[in-house]
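One chain is shown next in structure tokens, namely the form predicted alone.
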Amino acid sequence: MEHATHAPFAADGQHHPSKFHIFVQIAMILAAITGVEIVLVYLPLAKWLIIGSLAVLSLVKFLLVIFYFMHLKWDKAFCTVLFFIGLILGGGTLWALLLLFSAESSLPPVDEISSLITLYAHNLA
């Protein structure tokens, strides 16, 4: 009787690492990437290079986490598709809200602000 805790052996006799070993390796890779990110921030490089590098490293970390720690790698492809549909919808909503609240038309006019300040100062006196 075999126990599930032992590392599985393939039919060809090769030893394959267990999920625990894969998780530890991924955690070490994530820690190394985080260290690179911290060092990268303090290097005297161009801002576009630092921000671009941080974005790429964050994307790599995100993909490692969702595929290994969220088990998308071992799930059905349908679950991955559902995850990315939700991610796209959430990202689109965030993008639309950022554009909506950064539009100049959503800001109050300067005349209205100055009249409110005057009214507030008059009420205090």
Partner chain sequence: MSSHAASGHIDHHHDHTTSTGIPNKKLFMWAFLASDCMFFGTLISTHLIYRLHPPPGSPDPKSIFSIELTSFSTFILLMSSLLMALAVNACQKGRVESTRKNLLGTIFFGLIFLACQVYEFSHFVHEKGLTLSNSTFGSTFYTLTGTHGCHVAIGVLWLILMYIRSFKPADADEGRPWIGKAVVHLLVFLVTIVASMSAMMSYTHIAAEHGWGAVGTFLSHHPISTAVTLAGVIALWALGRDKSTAEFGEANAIDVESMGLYWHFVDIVWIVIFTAVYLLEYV
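Fair warning: this is a prediction, and the values are worked out from it, not measured in the lab. Numbering follows the first chain given and starts at 1.
This protein has a second form, the form predicted in complex with its partner chain, left out of what is shown; the following refers to that one.
Heavy atoms of Ser115 never reach within 4.5 Å of its partner chain in the predicted bound form, leaving it off the interface. Contacts between 49-88 and its partner chain, taken as any heavy atom within 4.5 Å in the predicted bound form, involve Ile50, Ile51, Leu54, Ser58, Lys61, Phe62, Val65, Ile66, Phe69, Met70, His71, Leu72, Trp74, Asp75, Lys76, Phe78, Cys79, Leu82, Phe83, Gly86, Leu87.
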